[in-house]
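First, one chain by itself: the form predicted on its own, in structure tokens.
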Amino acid sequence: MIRRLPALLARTGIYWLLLLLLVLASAAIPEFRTPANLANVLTQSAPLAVLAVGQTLVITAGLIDLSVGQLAGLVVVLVCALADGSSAAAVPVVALALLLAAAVGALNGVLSNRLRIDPLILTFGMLSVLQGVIFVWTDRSIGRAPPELLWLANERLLGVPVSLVLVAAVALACGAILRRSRLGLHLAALGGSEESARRVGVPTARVRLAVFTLSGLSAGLAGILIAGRLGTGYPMAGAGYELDAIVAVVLGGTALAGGRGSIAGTLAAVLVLGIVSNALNLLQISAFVQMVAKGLIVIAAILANQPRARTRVVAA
């Protein structure tokens, strides 16, 4: 039993950390435990949750996608500029935005397969391209989000944020991919060892294309939520989301080298980051102190949550 303790902590550490933060914040800050504030934490965390779930698939495959933040930002600008507050335009514009996001993800996959460039370098280059496209289009806030997106991103049903429905749908779909599909097995195999995966017949090129496309689609969905939150096409809306998503994925127990992924762990980590930010804001802590505090928590949690021996088992 004692020998199994480190492995048990590696699998469950993020959940204990989440519980500890909930207890401490609720005890120390009366405003934190109000239903309205807890719902606000969930609402604010929704875009990052969607983005991080998609990034979990990518990192499980031993890849990385740094372009998702700016891709989400491009979707924000696109949706608000084209819809400009019109309900009639909401559905076709959202469909176009999701198609574009999936296409950019697929392009990352195609370039990764054809050029054999390290995905870190490739997607960083795509990040720069997308950022340039945004600022060529506009350098200031543009257009308005349609009312339907405002409702999706901000409203609540029976006290529960509507955006949680989208988060739950994305998480369940990606969890099913990891645990119950051939693609999930292929992702873990690719992340464990690309050469070994190829030798046992895994179509590595198709798997890479599929996972980058799914990552792009998740960025598009996150961008729709961000557009609803902001209400306008702010050109810097997606800045920093890619790093937050990677932190949440690794914090949640997914091996950064690939081979093992946890959707549930990623969602728990997103909540940890959201609670820390919310609690520090309620305490009126300086933004610079918040950066230090969150950085220390992330480092400590990652050290506690990463297994000592690398495995190739996929958990959800």
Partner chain sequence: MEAELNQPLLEARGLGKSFGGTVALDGVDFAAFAGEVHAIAGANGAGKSTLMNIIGGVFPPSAGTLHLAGAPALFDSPRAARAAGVSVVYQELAVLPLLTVAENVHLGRSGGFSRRRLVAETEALCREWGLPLDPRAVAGELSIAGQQLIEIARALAGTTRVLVLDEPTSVLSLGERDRLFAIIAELKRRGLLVLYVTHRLEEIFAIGDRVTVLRNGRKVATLDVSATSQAELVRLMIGHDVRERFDLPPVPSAPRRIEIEGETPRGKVRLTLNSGEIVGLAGLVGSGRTRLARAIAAVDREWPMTVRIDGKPLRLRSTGDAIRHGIVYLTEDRKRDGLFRPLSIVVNASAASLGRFSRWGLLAPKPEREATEAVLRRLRLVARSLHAPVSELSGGNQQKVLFGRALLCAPRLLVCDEPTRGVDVGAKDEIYEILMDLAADGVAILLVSSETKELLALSHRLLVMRDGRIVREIVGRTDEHAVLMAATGAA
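These numbers come from a predicted model, not from an experiment. Numbering follows the first chain given and starts at 1.
Separately, the form predicted together with its partner chain exists; it is not shown, and the next lines address it.
Visitor: Verify the contact flag for S87: yes if a non-hydrogen atom of it lies within 4.5 Å of a non-hydrogen atom of its partner chain in the model of the complex, no if not.
Guide: Answer no; every heavy atom of S87 is more than 4.5 Å from its partner chain in the model of the complex.
Visitor: So, in the model of the complex, is L221 in contact with its partner chain at a 4.5 angstroms heavy atom limit?
Guide: No.
Visitor: Check whether V167 has any heavy atom within 4.5 Å of a heavy atom of its partner chain in the model of the complex, and answer yes or no.
Guide: Taking the distances in the model of the complex, the answer for V167 is no, it never comes within 4.5 Å of its partner chain.
Visitor: Check whether V202 has any heavy atom within 4.5 Å of a heavy atom of its partner chain in the model of the complex, and answer yes or no.
Guide: Heavy-atom contact with its partner chain at 4.5 Å: present for V202.
Visitor: Given a 4.5 Å cut-off on heavy atoms, tell me which of 179-187, 87-95, 208-216, 157-165 is the interface stretch with its partner chain in the model of the complex.
Guide: In short, 179-187.
Visitor: Looking at G69, G54, G258, G253, which is the one with a non-hydrogen atom within 4.5 Å of its partner chain in the model of the complex?
Guide: If I apply the 4.5 Å criterion carefully, the residue I get is G258.
Visitor: Heavy atom within 4.5 Å of its partner chain in the model of the complex: which residues of 69-99 meet that condition, in order?
Guide: Residues within 4.5 Å: none.
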